[in-house]
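In the form predicted on its own, a lone chain appears below as C-alpha cells.
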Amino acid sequence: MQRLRIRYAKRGRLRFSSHRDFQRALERALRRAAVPMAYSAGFSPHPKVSYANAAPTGTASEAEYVEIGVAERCDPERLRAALDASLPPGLDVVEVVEAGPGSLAERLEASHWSVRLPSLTLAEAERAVGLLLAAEAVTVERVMKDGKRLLDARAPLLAARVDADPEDGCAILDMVVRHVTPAVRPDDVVTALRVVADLVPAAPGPWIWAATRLAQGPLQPDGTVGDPLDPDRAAVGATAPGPV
C-alpha cells in the first residue's frame, strides 16, 4: 500500500463547509478520479483516509491535510490534478506527496492565522493585543456539544501582532497559536481581545471577523510554523514545489 499526503485549501464561500461536508466531497472526488483506494479489513471495510486537525467551520484555510492509502502506486502530481478537477472550486488540492516515515498528525504542532477585524479600529486592535499578550491567562466561554466550557485563550497564543490592510486599512491580527486540547480557535482569541480591552461594539449586531489559516505544522526555533510535508519530500528525494 502506498500512502499519500494531501494538502488542500478551503477558499471563498467554501470556508462555510463543515468537515463532514468536505469528507463527503472528497469521497465523491476519489470515486470520480478513479483513485485505487486501499480498504480496511473486517466485516465493514472502508477506504483508508485519515484527516488531521481540520479548521473550524466558517474559517478559510490554505493548509488542511489528509492522508490516503492506495492499493496501486500513483503519481502524486497526476493524482493531485485529478482530485482537484473532481472537487468543487474553493476546495482546492494544493499538493500531494508520498508519505515518508512518521506521523503527519504529530507534526501539526501550531497554526499561523490571519484574522480580519473590521469591527475594530487599528488603534483598538493594537491596544487589545497588547493587553492580551501582557495577561497571564484570559478565560473565555465556548458552547460545546456537552455544554458550556471555559478555556484559557492566552496560554496557547505564542505570538500576535496587528497590521493594517494596505487596501482598505482594516485591522488584521497575525498570530501563531499552539495546538492544545480542546483547541483554541480564532473566535476564542477574538473573544479574549474583547474581554481584556472591555470592547463594546460601535453598532448593534454581531462582531465581524474573518479568519484564514495560512499554515500549520511543526514549531520552528524562531517561533514560526514549518511545513509538515518537508520530511516526506526529503524521504522520497523530492524538491518542494513552487507557488500554487
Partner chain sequence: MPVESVFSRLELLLPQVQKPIQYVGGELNATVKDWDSAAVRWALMYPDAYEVGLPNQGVMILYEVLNEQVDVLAERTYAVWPDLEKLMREYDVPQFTVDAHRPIKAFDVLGVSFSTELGYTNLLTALDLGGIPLHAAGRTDDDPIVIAGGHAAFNPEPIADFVDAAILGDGEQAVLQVTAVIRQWKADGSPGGRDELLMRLAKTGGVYVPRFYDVDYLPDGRIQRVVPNRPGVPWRVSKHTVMDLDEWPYPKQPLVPLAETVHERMSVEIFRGCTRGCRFCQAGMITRPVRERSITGIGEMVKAGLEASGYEEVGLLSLSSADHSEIGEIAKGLADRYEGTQTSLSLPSTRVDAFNVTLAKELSRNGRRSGLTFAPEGGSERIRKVINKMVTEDDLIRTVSTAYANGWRQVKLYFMCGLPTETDEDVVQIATLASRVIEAGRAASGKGDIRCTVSIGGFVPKPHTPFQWASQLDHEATDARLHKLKDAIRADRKYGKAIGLRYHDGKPGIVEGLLSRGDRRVGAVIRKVWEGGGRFDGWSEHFSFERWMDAASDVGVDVDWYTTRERDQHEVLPWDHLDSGLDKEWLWEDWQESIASSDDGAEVEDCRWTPCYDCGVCPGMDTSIQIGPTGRTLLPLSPAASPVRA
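What you are looking at is a predicted structure, and each value in this text was computed from that prediction instead of being measured. Positions refer to the first chain, counted from 1.
Missing here is the form predicted together with the partner chain; even so, the following discussion is about that form.
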*With the partner left out of view, is I208 within 4.5 angstroms of the partner chain in the model of the complex by any non-hydrogen atom?*
yes
*Answer for D230 alone: is it within 4.5 Å of the partner chain in the model of the complex, judged on heavy atom distances?*
no
*Give a yes/no on whether D146 approaches the partner chain to within 4.5 Å in the model of the complex, heavy atoms considered.*
no
*Please run the contact check for V236 against the partner chain in the model of the complex: heavy atoms, 4.5 angstroms, yes or no?*
no
*Tell me, out of V176, V196, V35, V190, which residue has a non-hydrogen atom within 4.5 angstroms of the partner chain in the model of the complex.*
V35
*Among the candidate residues V97, V140, L104, L79, which is the single one with a non-hydrogen atom no more than 4.5 Å from the partner chain in the model of the complex?*
L79
*Going by heavy atoms within 4.5 Å, which of 82-90, 105-113, 129-137, 149-157 lines up against the partner chain in the model of the complex?*
82-90
*Identify whether the partner chain in the model of the complex is within 4.5 Å of every residue in the set L122, A125 and R185, based on non-hydrogen atoms.*
no
*Let me know which residues along 1-30 have a heavy atom within 4.5 Å of the partner chain in the model of the complex, or say none if there are none.*
R13, L14, R15, F16, S17, R20, D21, R24, A25, R28
